[in-house]
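Shown next as structure tokens: one chain only, the form predicted on its own.
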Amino acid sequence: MQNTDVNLSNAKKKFEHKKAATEQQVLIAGGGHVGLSFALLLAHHGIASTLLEKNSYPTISPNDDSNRSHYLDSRNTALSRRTVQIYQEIGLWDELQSHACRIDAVQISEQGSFGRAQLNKAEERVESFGQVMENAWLGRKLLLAAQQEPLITLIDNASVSAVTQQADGVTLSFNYYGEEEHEQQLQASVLVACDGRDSTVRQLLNIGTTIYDYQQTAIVGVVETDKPHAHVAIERFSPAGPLAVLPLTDPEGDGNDDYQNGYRRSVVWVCPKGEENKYLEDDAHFLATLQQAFGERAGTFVAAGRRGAYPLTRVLADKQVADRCVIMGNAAHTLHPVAGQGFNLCMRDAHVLAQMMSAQVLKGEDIGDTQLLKRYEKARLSDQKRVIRFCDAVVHGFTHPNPAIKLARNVALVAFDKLPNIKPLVANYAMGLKS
């Protein structure tokens, strides 16, 4: 296994020796979790790609200490069962799973109300409902895999400046901030933009967005409780918004081993916009607020780490295909974090497009054909719309103060918990198995 420093150096040398405009199959703008995952999916199908990232990638090595350096300081992502299957498909899950903590059960309730429901993996006959993983670990492993994959060329410190489309390809212009700043161009059959909510590529293509401000802020961080999590995720609804406490791994070892005590939990606390500072600056107040909201379900909240605040808005691209360009990830749809659907929806998008491009290559046809990309867009709309409707229904339905609506949703929770044949449908949906 090569040292990462050598891989990164070789990638830059390979880039620097290209002509001003070099033919590539796929260009990917944005090298976050979605962009890296999509590049790895393409490589799994034998398709080469060049990935441009505006930030500088860290220098890491496969031999770096894999233990968590900060017990309570991390952001985390809930990976659905379908997302786990996708990483298994490309042979990456064995590298990821040591820092993943499975979800065996999901408890759902509303603060100050009688409605209760629970999903249990034994009842649904699944290995788990998903896994919770630290973002830093996921990003580290995706980057290492991409750096070691000969079909992927990584170019960091690259800021996109222009997109020009031709009948048979697309040209991406960008400023490269290496030892000397200079503008470069790359050509490809297709450009896929995974460059985030405020996507530069989307703006350069004059693709508009529909934006909805939830008037909420998500406080995200890690806490410790005196009661083991037992691989249970807790979804709790309060007048301020939806809340979640998810199981995390212990500082060392595999988070899926039964012997772990598991006192670390990922928390997402939603508050009205403008109230975030009091939850960020005062640990005691934050812990007391969590305790009041969750009661004794998670035990006693005894410690809190550094937290981040993220304004919640829904941003939807008006279209996801423009000739030979595809808008993907948060550039296509940035969602409310309720139920942890956003990243998993992006992964299903990436998986479908990679499969469609692979089939196109096997037929010897144009990988950037607009009709192919339009078929991809149409194929994904149903799943996307369903997830967006679900997220909005949960957010608005569980924060509406009307007593009649509150009664109705609690009756619905009880019915969901008791009536047969409903749980499997919802469970499959949450796991990303119905798209």
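For every residue, the number given is its place in the sequence shown, counted from 1. Computed from a prediction, not measured in an experiment: that's the story for all the values here.
If you look for the form predicted in complex with a small molecule, you will not find it shown, but the lines that follow are about it.
Engineer: Here the chain is shown alone; which of 245, 218, 290, 86 has a heavy atom within 4.5 Å of the small molecule in the predicted bound form?
Structural biologist: Contact check passes for 218.
Engineer: Name the residue from 76, 147, 249, 225 that puts a heavy atom within 4.5 Å of the small molecule in the predicted bound form.
Structural biologist: Checking each option against the small molecule in the predicted bound form, the one that comes within 4.5 Å is 76.
Engineer: Does residue 55 reach the small molecule in the predicted bound form, with heavy atoms at most 4.5 Å apart?
Structural biologist: Yes, residue 55 is a contact residue.
Engineer: Is residue 380 one of the residues lying within 4.5 Å of the small molecule in the predicted bound form, judged by heavy atom distances?
Structural biologist: Outside the cut-off, so no.
Engineer: Closest heavy atom of residue 153 to the small molecule in the predicted bound form, within 4.5 Å or not?
Structural biologist: Close contact is absent here: in the predicted bound form, residue 153 is far from the small molecule, nothing within 4.5 Å, heavy atoms only.
Engineer: Is there a non-hydrogen atom of residue 212 within 4.5 angstroms of a non-hydrogen atom of the small molecule in the predicted bound form?
Structural biologist: Taking the distances in the predicted bound form, the answer for residue 212 is no, it never comes within 4.5 Å of the small molecule.
Engineer: With the partner absent here, would 160, 195 and 337 each sit within 4.5 Å of the small molecule in the predicted bound form, counting heavy atoms only?
Structural biologist: Contact check passed for all of 160, 195 and 337.
Engineer: Would you mind picking out the stretch of 227 to 235, 122 to 130, 290 to 298, 340 to 348 that comes within 4.5 angstroms of the small molecule in the predicted bound form, counting non-hydrogen atoms?
Structural biologist: Heavy-atom contact with the partner occurs in 340 to 348.
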